[in-house]
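As structure tokens, one chain now follows by itself in the form predicted alone.
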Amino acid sequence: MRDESPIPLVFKVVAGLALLVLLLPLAIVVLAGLNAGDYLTFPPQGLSLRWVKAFLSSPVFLSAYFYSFLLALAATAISTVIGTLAALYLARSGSRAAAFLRGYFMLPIVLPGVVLGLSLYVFFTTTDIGLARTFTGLLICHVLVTSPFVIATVTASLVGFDVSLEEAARSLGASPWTAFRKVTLRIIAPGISAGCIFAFIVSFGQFETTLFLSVPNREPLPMAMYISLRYKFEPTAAAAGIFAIALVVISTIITSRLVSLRRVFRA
């Protein structure tokens, strides 16, 4: 029996129009990256793979792409561990501090990226701890930004979780770690996997915080695209955007397979 009420037609129409508005800039970026002209213009002056080949042969863009990829992998690995532990505590703790910590952990999502990046840069600079304009400092910032997404998805997986299953494993002789690994971890694995993908997407496309904390002469892909558009204004940056969009689309499809997004938003 379904408990959900049918969605009114007007809401579906509005949602469809909103989706169209959101997808229109992506279509413009793709067409601009396939432009046959010499400059970044729209409508494109014909379609060609010229600038896609230029991206694949550009040492600047390729190094920036793989640098962003490795940075996103590192941030995802760390934020997954921290976010999972935090979600377990928030879901099982009955203290008043849990509600405060839940809102506190979500602050990086609420705060504008410019504010967060500038704040961290000022903090690293004034405290003189040697993290300003370093990979470690940039990684810390990305972990702060991506951890809330892991917390949200893992918390969604813990909604309705029956703790007696883990207690039953304990009563049968399993150690706390074995019970957690073979019972709890397997149940919340889809939420953890979805959190990983969300964290990777957010870290890979992070620009505002990277603008203040990027390492000199080692720009991630968003910074490389920004510099290219600022000084050259050629379609190579748009071609790089095509690969970034493709990565996000693939990650979103995988996420929808791993966990129900409705549970995420309900949590």
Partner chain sequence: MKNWIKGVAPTRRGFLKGSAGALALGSGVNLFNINHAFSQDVVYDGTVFDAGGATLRIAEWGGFWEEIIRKELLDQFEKDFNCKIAYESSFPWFPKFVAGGPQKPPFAVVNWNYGEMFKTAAAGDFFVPLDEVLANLPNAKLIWPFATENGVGVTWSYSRYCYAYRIDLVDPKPADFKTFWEEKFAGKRGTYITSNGLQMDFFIAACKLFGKDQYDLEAGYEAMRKAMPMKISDFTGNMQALLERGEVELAVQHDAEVYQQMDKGVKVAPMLWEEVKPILTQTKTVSRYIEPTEKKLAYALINRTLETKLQSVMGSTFYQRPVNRDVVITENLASKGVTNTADAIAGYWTPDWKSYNEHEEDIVETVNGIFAG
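Worth saying up front: this structure is predicted, and the values here are computed from it rather than measured. Positions refer to the first chain, counted from 1.
This protein has a second form, the form predicted together with its partner chain, left out of what is shown; the following refers to that one.
Taking the partner from the other structure, its partner chain in the predicted bound form has no heavy atom within 4.5 Å of any heavy atom of T136. In the predicted bound form, its partner chain sits beyond 4.5 Å of every heavy atom of A99.
Interface residue remark: L165 is not counted as part of the site for its partner chain in the predicted bound form, having no heavy atom within 4.5 Å.
In the predicted bound form, its partner chain sits beyond 4.5 Å of every heavy atom of L62.
Of the candidate stretches 148-156, 190-198, 117-125, 71-79, only 117-125 contains residues with a heavy atom within 4.5 Å of its partner chain in the predicted bound form. Contacts with its partner chain in the predicted bound form, taken as any heavy atom within 4.5 Å, map within 175-211 to L211 alone.
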